[in-house]
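Listed next as structure tokens: two forms of one protein chain, kept apart as structure 1 and structure 2.
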Structure 1
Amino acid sequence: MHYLPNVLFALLLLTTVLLFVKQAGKIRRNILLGRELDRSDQPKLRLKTMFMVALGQSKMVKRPVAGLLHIVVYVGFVIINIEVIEILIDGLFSTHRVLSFLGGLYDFLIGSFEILAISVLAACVIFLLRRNVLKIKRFWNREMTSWPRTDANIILTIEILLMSAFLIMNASDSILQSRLVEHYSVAGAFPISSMIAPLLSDWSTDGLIFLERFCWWFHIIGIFAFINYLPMSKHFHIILAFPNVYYSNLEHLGRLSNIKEVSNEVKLMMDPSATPPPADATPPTFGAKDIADLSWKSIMDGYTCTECGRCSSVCPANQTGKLLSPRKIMMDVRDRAEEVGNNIDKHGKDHNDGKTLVHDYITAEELWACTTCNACTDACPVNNDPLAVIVELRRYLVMEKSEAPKELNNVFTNIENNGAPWQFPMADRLNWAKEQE
């Protein structure tokens, strides 16, 4: 009986870890449904980029208000989680504030955690207000349907609740310490919760012990739940941002990949003596029709997307009322990957649900509105590349389906016939030199 809380705690912890591993494993599998892409070059530069962009959040601060508040939440949340180490030990072995032997350092840590906790709490309140009261435009685009909006609000609310529980726990603990209650040895500094403590000073010792225990369990169960909420949420970016930035495109943004199989075919057309590919090689789909035709990195982009909408708020097409929204492109990639993944779980690997990423999720109208300006890729705080997806889908429409807009088909014909997008004879190319102003 005496060990019941410890056993319960251990079971909870185990379930949390197992569930998380299972969920993360599914996401990993879904990402690997994508095509191969080698991003193993230049490890040093990749690490540096990861430190700058993911850890240092260099692209977040380009919007100072949101950027700084985000850093507060991020730093606060990560550092306060050092506290979780103590909670885990206390929970498993029925100790109380097991790290308090650190003495002055412990007081410093708990004190800093409290200051961070109140900052995180304040930042989350401001974030909620920005989203729901100020209704900042990028959080209310078409693709921000009720689930993405709720998701963001749930995360912010959980964080506020966790931080509140942490502070109230400390407040009751500090009173119990001052009453020299057994088990509640004197430890820690409480710069913030000492301001809450007076509100609780009339409480009975039993009441306070109950409150302290309640907050303690609430806090840790909250964290366990949060960990398993992550993979279902855009909040998974707190983990994926790191590999996603590490493997991001390091080339000039202007460079699009050249399709190798096309090079082989074109070379063969131009020089029939070149060695043809082996006859049994299955011709690949040109471009992407569905998830499995995208690179694994594009799928990872989808899972990393924070739905912040910075990309869409700088997209020239989106700003002028076109259907295209690079954020939606990323969200569609993720949602379709989830759907395909769920199909695999339910119906096996080769199940075909008759749907595709192009058309069922992303329409041709969206795809053709893109100017390939790279504003989205430049703005994305986690180095996502919506343009790579747009180009792959265009390639599919054009090369597999011949479904380009009519004007573009004319452009293709002109380039083919006379080497220019317009219908001018090649022989006139130098006329500019003869004409006078």
Structure 2
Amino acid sequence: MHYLPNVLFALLLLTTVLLFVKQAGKIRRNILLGRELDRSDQPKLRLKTMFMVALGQSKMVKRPVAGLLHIVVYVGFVIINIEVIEILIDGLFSTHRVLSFLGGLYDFLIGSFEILAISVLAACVIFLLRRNVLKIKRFWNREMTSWPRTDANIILTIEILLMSAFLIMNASDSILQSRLVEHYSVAGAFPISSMIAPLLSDWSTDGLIFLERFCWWFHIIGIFAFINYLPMSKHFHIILAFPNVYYSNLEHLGRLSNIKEVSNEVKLMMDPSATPPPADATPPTFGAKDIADLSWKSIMDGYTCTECGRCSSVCPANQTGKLLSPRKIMMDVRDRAEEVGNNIDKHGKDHNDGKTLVHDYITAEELWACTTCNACTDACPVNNDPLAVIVELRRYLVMEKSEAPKELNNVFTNIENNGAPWQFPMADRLNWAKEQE
């Protein structure tokens, strides 16, 4: 029985790791449903961009209040969880503050963790107030249905509970240390929890041991639960932000990719003597109809979306009342990828549910509202590219389905007949110059 807690802890740790690996593997599978895309160029610039944007949060601070609060939560939560190393060792081997041999450095670390913990707690409370009391507009757009709002509140609440458990655990631990209770070796500095300790000073030793152990288990089980909640939440961006930024588009914003088959046709038109490429038995398709037609990077963008709404808040179409919301585009890509992945798990990889990304998730009205200004891409704190998805879906509508708006069809006809988008014959193109003579 003496080793029962250690065995339970080891089983809990193993279950946590296996579940996370399984869920992460499904997300990886879903991302790789997309088309191939080579993003292996300029590795030094990509690393620099990743450190600046993903690690350095350089785009977050463009909105100082939210940026500062986010940095506090991000840095605080990551650094505090360094203590998880000690918790894992203590849980597996029944030790107590096993890293206390670090002496003064250990006191400094625990003290720093406490200051960060209270900062994270305060920032999360402010975030909850911003979302649910102040009701900032970008958190209440039409795509922010009950689940996205609940998801954000769940994560913030979990972080508040974890930080509270950490501080209460330290407060009860410090009292037990002062009473020289067996197993509670004197170690650590407690600048914040020492202010909580007086509230517990009248508790019995047995009561404090129970409280300390309860908070210890609550803290570590909460972390394990948080880890396995991440793949089901928008907060998986905590992990995916780094590869997503590394593989982001380094070209100038607004530069569209060419379609190889179309480029080849244009080259043959310009140079009839050129050797045509070998015929392909499978006719090419243009644009994207569903998830498998997008690049793997666009699907990764969907999974990395933080749902912060910065893209939609700077989108001129969205701000003038159009149906388009770049955030919804990213959320739709992720949701469709999840649906396709679930169908594969249930029915096999060749299953067709009769749905497509365009029309069933994203309407033509949304796509044609986009001005391709790239404000959304520029604003995204994790370098997502909603425009890449929009352009590919538009290409499908135009080149595969001939479903362009009437105004665009008129332009296409004029270009085909007159060599220009205007409805004037080529012979009259220079008439304007005669008036200058």
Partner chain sequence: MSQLTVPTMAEMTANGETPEVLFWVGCSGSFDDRAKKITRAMAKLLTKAQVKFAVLGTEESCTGDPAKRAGNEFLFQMQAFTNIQVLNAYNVKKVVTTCPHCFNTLKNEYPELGGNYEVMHHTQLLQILLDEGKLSIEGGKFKGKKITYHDACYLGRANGVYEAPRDLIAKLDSEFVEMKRSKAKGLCCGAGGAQMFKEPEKGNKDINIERTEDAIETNAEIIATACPFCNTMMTDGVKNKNKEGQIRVFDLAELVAQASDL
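Numbering for residues begins at 1 and runs along the sequence of structure 1. Definition used throughout: the rigid core is the maximal C-alpha set that superposes within 1.5 Å between two forms. Please read these numbers as outputs of a predicted model, since none were measured by experiment.
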Quick check on the two chains I just loaded: which one is the form predicted alone, 1 or 2?
2
Hey, does residue 426 budge by 2 Å or more at the Cα between structure 1 and structure 2 once the core is superposed?
yes
